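What follows is a single chain, given as structure tokens, in the form predicted alone.
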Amino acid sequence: MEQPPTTLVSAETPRGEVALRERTDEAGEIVHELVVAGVFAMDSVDTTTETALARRALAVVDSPGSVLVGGLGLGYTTLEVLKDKRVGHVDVVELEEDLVQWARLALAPTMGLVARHPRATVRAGDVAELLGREGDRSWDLVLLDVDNGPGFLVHEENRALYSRDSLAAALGHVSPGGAFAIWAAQREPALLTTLTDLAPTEEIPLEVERDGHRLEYALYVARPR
């Protein structure tokens, strides 16, 4: 019998509550849930779209030696990146410092694997601020999974991240031959239009069936000229 979630740890931040919860599903499997800004963000029941973000983007880059992941979540996107032996190092930038600490304490298995991985560095910071700086370093692949896309924001402050100027700045941090990819909880026509104006961009719809409902997420993969 499925049990209600138990809060393992929580913290109040300027953006609202961040909490890591755990429950047992009907099959007796442990499920982890993440609450961000006081609302449910994700769980470990179906992580296919998070891993697809990594796989689809990696597939278009010949030499993804360096990767930047914006947003830690439960760690599934970054762990999928690390499975690619071509990747020399992954920088993970997570806005919530508490979530970074919980990962270092391995309070959820995948988060712990990422935080302890020798080819990964997990740190607290604002990836939008990082990508907005001129003259900073570049990466072969930049993945953004910081919220649910411009039409379904977790943090209202992230709206600026999807502006034309911010996207152009982010693309400027991608090495020649690299890629820039964004995960969204729904199709985002305006985002596709803006990205396509800046660089050749592919929209990849992803269908997931959950609790008897079919959901459609989307990936946006841009290749700077």
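Please read these numbers as outputs of a predicted model, since none were measured by experiment. Throughout, we count residues from 1 along the sequence that is shown.
This next part talks about the form predicted together with a small molecule, which is not shown.
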query: Whether Gly71, Thr77 and Asn158 all lie within 4.5 angstroms of the small molecule in the model of the complex by heavy atom; finding: yes
query: The unique member of Ala169, Met42, Ala185, Val60 whose heavy atoms fall within 4.5 Å of the small molecule in the model of the complex; finding: Met42
query: Sole residue of Ala108, Val122, Val87, Val127 within 4.5 Å of the small molecule in the model of the complex, by heavy atom; finding: Val127
query: Any non-hydrogen atom of Leu99 within 4.5 angstroms of the small molecule in the model of the complex; finding: yes
query: Contact flag, Glu50 vs the small molecule in the model of the complex, heavy atom cut 4.5 Å; finding: yes
query: Interface membership of Leu34, the small molecule in the model of the complex, 4.5 Å heavy atom rule; finding: yes
query: Any non-hydrogen atom of Asp140 within 4.5 angstroms of the small molecule in the model of the complex; finding: no
query: Listed range touching the small molecule, judged in the model of the complex by heavy atoms within 4.5 Å, from 170 to 178, 34 to 42, 60 to 68, 196 to 204; finding: 34 to 42
